[in-house]
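Let's start with one chain on its own, the form predicted alone, as structure tokens.
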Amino acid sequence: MQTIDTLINARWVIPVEPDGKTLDHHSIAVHGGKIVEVLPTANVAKKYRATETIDLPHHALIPGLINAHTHSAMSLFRGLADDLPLMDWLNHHIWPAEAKWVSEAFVRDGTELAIAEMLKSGTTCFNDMYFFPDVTARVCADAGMRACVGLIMLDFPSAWAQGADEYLHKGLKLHDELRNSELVSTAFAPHAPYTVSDAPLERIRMYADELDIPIHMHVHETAHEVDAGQKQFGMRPLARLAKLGLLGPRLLAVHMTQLLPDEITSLAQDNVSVIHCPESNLKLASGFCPVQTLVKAGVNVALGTDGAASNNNLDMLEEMRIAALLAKGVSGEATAIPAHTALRMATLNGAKALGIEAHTGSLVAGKAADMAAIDLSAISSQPVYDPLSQIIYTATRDQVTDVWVNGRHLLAKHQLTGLDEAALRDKAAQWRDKIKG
């Protein structure tokens, strides 16, 4: 009889590895923040004595969702400038608001609000791109949230840094500080081809190779971006990145709505990960990422919400459903992205893109206990023939009852255990009143 920290008995466990598998009446044994074993509930009493036992008789237990692209602090800009095309939205609303309001306090409060929203919708890890990544890292560590923080790079000054040298210096310093963090990792985060010139990108490639960390970048987000790249550089942005040596397994190319067949072939050959953000792309009318074609070509496709300023939520359950439905509509094939593929995109594929698939992304022994429980007893999910299908096509974030990160119970029976929701609402209202003027 082995003594463990936590035993979770679930109606269903969907481990993601192996793909598409659903385990009926299974339990997960957790100790020291790690999954010890996934086993039939009938066998538990013979093997484990737990300090805490949690029964989830109507729930599906899944790996914690991984939001592979977001700007967490922008939750404080949610609804600030809606129903606008991307460049108008950026140039005339978001960038001016950022220039006026972004600070350490803004990033701290916005990131806390985002983490609370993500936890309550089953997300246990996010890949961030924003200013003051050191503040984001501290907030995540305090909240017990897993994250990859972006070492931001732009050609123009911001509240975080004044130029390429300072962006790189601060980013490398933060990477060094986080080397031993169990929860927070780093990625270089050059904003986009149209905001970062060749010299800084070459330096980023060199440091990414040396430190073996990802490069997280908006690429081919809109037709305008591609056209502008051709006019300025005489080539499409992906061709420019290839020329600079950035196409490879470290690159996380976000959005990718404008792709030619030979570019898809190149992405597969170079093992580039594509981060699909369907709701943001729809809202900003940016175009359609050819997800089915990418998946068929062997490209690792993960999912992200983008920021709450352009989505306007951080709900990965909703993102999975939209991704699956949109792929069917765009391709004209009902089988384009089945439910099990959508879940994998939101879990293990995201972990693979971030280089953390050995630690999270699926429910297997030895990995971190990053998990979310979804109550499928809701009337809108009845009857349950296939729990995996119900999660993708019927479940809402209100059905997420419990969430663990690294074995720590951060959402228990719908209640956040480490964040004060009332205080977060008050801070958000204070920021709204200041920004609204």
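Note that the structure is predicted; figures quoted are calculated from it, not measured. Note that residue numbering follows the sequence shown and begins at 1.
Here the subject shifts to the form predicted together with a further copy of the same chain, a form of this protein not shown in this document.
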*Complete contact of D198, D212 and G366 with a further copy of the same chain in the predicted complex (any heavy atom, 4.5 Å)*: no
Is A373 close to a further copy of the same chain in the predicted complex, meaning a heavy atom pair under 4.5 Å apart or at it?
-> no
T335, heavy atom within 4.5 angstroms of a further copy of the same chain in the predicted complex | yes
- Task: Evaluate A285 for contact with a further copy of the same chain in the predicted complex, applying a 4.5 angstroms cut-off between non-hydrogen atoms, and reply yes or no.
- Result: yes
Contact between R78 and a further copy of the same chain in the predicted complex at 4.5 Å, heavy atoms? yes
Only one of 276-284, 219-227, 356-364, 141-149 sits within 4.5 Å of a further copy of the same chain in the predicted complex by heavy atom distance, namely 276-284
Students should find that, of V405, L61, V30, A395, the residue having a non-hydrogen atom no more than 4.5 angstroms from a further copy of the same chain in the predicted complex is A395
Only hit among A159, M235, V330, A268 for heavy atom within 4.5 Å of a further copy of the same chain in the predicted complex is V330
Those residues of 78-104 with a non-hydrogen atom no more than 4.5 Å from a further copy of the same chain in the predicted complex are R78, G79, L80, D82, D83, L84, P85
